[in-house]
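Okay, so here's just one chain, in structure tokens, the form predicted on its own.
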Amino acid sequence: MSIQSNEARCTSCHIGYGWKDKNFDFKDASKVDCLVCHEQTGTYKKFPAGAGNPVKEPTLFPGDGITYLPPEWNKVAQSVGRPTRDNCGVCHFYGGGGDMVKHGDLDSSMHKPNKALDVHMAVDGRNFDCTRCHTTNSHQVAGRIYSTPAATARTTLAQDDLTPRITCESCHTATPHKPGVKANDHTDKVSCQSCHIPEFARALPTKMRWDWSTAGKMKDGKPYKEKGPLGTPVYDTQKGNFVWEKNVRPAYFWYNGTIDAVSLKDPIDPTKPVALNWPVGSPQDPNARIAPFKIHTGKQPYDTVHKTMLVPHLFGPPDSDAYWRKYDWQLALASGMQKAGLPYSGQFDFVETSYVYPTTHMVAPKEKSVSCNECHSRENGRMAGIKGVYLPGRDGNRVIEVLGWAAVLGSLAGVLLHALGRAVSRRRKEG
């Protein structure tokens, strides 16, 4: 779903004050909310539907039943310091409308993880804050993954002590293991995360599927929510059905640090699942590595005439055409597309979609890293979907294998015959 037409709700997590519609002035520095990243009292809260603004008086938000209080501005301003894990987590742990929704490797369990969950951020280990790796230059935070890769060069701190510490190689180098360890030969094609993050969502479940097509059902004429066996909602009138999972094995793709995506103007093929974004990379790309991802699937509305994805207007005042007000998809889609300035035929349906999230947090202790045979395997191996490369143990050719074993047996026979010949020759000399 899109931020367009839903700015007042979505921008509760963004750093702008008053980002309520498409007319927000990004050049006005006074609209930058510095406190959300720098205050250290833990009391500074944005109102969930306030377009990035805190409240001016105690205000109840019906969505979570919490009454939000105005900030104590003097205390908050005087607490300003370097951003902590909690500052970053306010948005990055709760993105997508709640805890555990978007990133399978970032949720509230990462506020104070133990070493079994993340060796870098563990409170009983290194206890790194996010800024330890996500370094900044003039407030530009290292770590973008769309048009700008997180890193364009794999430079270590030994080569340049000012390099951003955003890649594993920055600290661990391209040969992180002891000399002679085979894993050192993998780093040119396999990311460190592929071996050292065996599963994500290891403490809390993550949302793996979101089906908007089932939204709108009522119980006794009222919206309702229903929880599943993991204690998470499996149905919400506002949003449809969900599927949650724990201890999820990642999917793997070639990845050079860039992710491409479908725009609202791009035509789609609704006869098959639509990948809304995808990792960029190939075996021939020297900057690409096999990397782990979460794949989030769902169903979302599309224009059956123009064959494009649609923007629903979800959040708005009582008199608006927002879906969460009138539960009418036709009105919500017409309003959303009008606000986005895009054509809408008036005909819609729901299409199967997928969306990928890179998995780079929740680094497990080395004792829990992925074993060799989990990838080098023909049955249910982790690398089953990786194409364009020969993987020993997974791939094979019967003719080549027969010739290979024939060569091995021939060599062995040759060695044995040579040894036998030398033994016979020695006996003759001794006789």
Partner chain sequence: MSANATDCKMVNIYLYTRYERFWHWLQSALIMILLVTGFETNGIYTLLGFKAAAEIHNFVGITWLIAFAFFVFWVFTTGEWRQYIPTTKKMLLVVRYYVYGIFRGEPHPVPKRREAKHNPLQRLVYLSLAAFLLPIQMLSGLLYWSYNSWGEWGLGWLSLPVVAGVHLAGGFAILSFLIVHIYMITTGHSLGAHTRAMICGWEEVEERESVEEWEIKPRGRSTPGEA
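Model, not experiment: these values are computed from the prediction. Positions refer to the first chain, counted from 1. Each form is matched to the other, and the largest set of C-alpha atoms that superpose within 1.5 Å is called the rigid core.
Keep in mind the form predicted in complex with its partner chain is missing from the figure; the text below concerns it.
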| message | To verify the annotation, which of these, 185, 319, 260, 266, has a non-hydrogen atom within 4.5 Å of its partner chain in the model of the complex? | response | 185
| note | in the model of the complex, the residue from 57, 64, 28, 401 with a non-hydrogen atom within 4.5 Å of its partner chain is 401
| task | Report yes if all three of 373, 392 and 396 come within 4.5 Å of its partner chain in the model of the complex by some heavy atom, otherwise no. | result | yes
| task | Mark residue 411 yes when one of its heavy atoms lies within 4.5 Å of a heavy atom of its partner chain in the model of the complex, and no otherwise. | result | yes
| Counting only non-hydrogen atoms and a 4.5 angstroms cut-off, does residue 378 reach its partner chain in the model of the complex? | yes
| query | Would residue 22 sit within 4.5 Å of its partner chain in the model of the complex, counting heavy atoms only? | reply | no
| said: Within 4.5 angstroms, counting heavy atoms, which one of the listed stretches 28-36, 365-373, 45-53, 64-72 is next to its partner chain in the model of the complex? | reply: 365-373
| said: With its partner chain taken in the model of the complex, which residues across 79-104 come within 4.5 angstroms through any non-hydrogen atom? | reply: none
| said: For a quick test of reading the superposition: does residue 34 move by 2 Å or more at the CA between this form and the one not shown, rigid core aligned? | reply: no
| query | C-alpha of residue 390: shift of 2 angstroms or more between this form and the one not shown, rigid core aligned? | reply | no
